[in-house]
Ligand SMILES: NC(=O)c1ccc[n+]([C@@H]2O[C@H](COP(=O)([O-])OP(=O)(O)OC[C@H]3O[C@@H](n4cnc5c(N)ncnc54)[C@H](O)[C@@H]3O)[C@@H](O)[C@H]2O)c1
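The chain below stands alone and is given as structure tokens, in the form predicted on its own.
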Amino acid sequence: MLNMRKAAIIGCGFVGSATAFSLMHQGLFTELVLIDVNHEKAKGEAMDLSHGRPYVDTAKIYAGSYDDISDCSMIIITAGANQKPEETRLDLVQKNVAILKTIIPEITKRGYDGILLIVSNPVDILTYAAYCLSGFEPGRVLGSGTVLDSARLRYLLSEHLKVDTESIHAFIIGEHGDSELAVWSSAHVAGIPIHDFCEFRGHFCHHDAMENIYQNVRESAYEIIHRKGATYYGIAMAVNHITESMIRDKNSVLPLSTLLTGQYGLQNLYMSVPTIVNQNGAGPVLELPLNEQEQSHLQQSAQTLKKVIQTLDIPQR
């Protein structure tokens, strides 16, 4: 039987460790298992985090093995090679699919019945690979998608418009990567279309402003990697948000990497689109009303992912 208050994190690098730290502060879980190919690294992270337990609600965090996962409600996979300054997320494909091939069989052989949340990059490709390798129902296999990208978009819009991020509703969809797109046609602030609110704030050069903000969102990871070597705090908080939506059964709408079965004219493809999320994992996909340019951009993003999928040595479903 699954323990809804227990989760495992596979991969104790920057992202995995930051995610564990973020989840501890949230207090969603009473038990966190850290698993890494370097067990001593996992043990050190668990020890370090455990010393803060008197100040948080998480009851237990420890370095474990795959034998500890069978009753976890969720397994968060962050294991993988780090993105180097000169690399795109798609450059990591073969290395990280190979790592995933060692992880998924260890999970399936233990009869795991919970949810897989893939965070490693390229997240859309790896989530599809996890779906194919695991044989799990599609709703139980999801990726962190463009949840962080959409947060970056909302942050930059809040700075531009001098308004609280919680009042801004806007999505980045498609690949979590260079071919992603901002859905400006449905973006709004407190129900006011984004262009109208921009003019209310005295901004009238919409095309230039949109393009500048979009480019900043798309290039954010590269700039952070160039400056400090890796990104991990933002994605850790995004994973925390996704996890809370599931554990608390909130039915949140998040742009997760989820299986498309005809939505947006696409199928048999994991891509980041608004999805209802609850304790069962990924629920119904929402189809945003895209304009012609956005629809074309999304199709191009899908083709980018499909070309990469065709190079993978994995069983197809």
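Model, not experiment: these values are computed from the prediction. In this text, residue numbers run from 1 along the sequence as written.
Below: the form predicted in complex with this ligand, not depicted.
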### Summary
Residue within 4.5 Å of this ligand in the predicted complex by heavy atom, from 153, 130, 123, 76, is 123
### Query
Which of 93-101, 162-170, 186-194, 209-217 has heavy atoms within 4.5 Å of this ligand in the predicted complex?
93-101
### 4.5 Å heavy atom contact, residue 47 and this ligand in the predicted complex
no
### Task
Evaluate residue 181 for contact with this ligand in the predicted complex, applying a 4.5 angstroms cut-off between non-hydrogen atoms, and reply yes or no.
no
### Message
With the partner left out here, check for me: in the predicted complex, does some heavy atom of residue 243 sit within 4.5 Å of this ligand?
### Response
no
### Query
Can any non-hydrogen atom of residue 20 be found within 4.5 angstroms of this ligand in the predicted complex?
no
### Task
At a 4.5 angstroms cut-off on non-hydrogen atoms, which residues of 68-85 are near this ligand in the predicted complex? List them in order.
78, 79, 80, 81, 82, 83
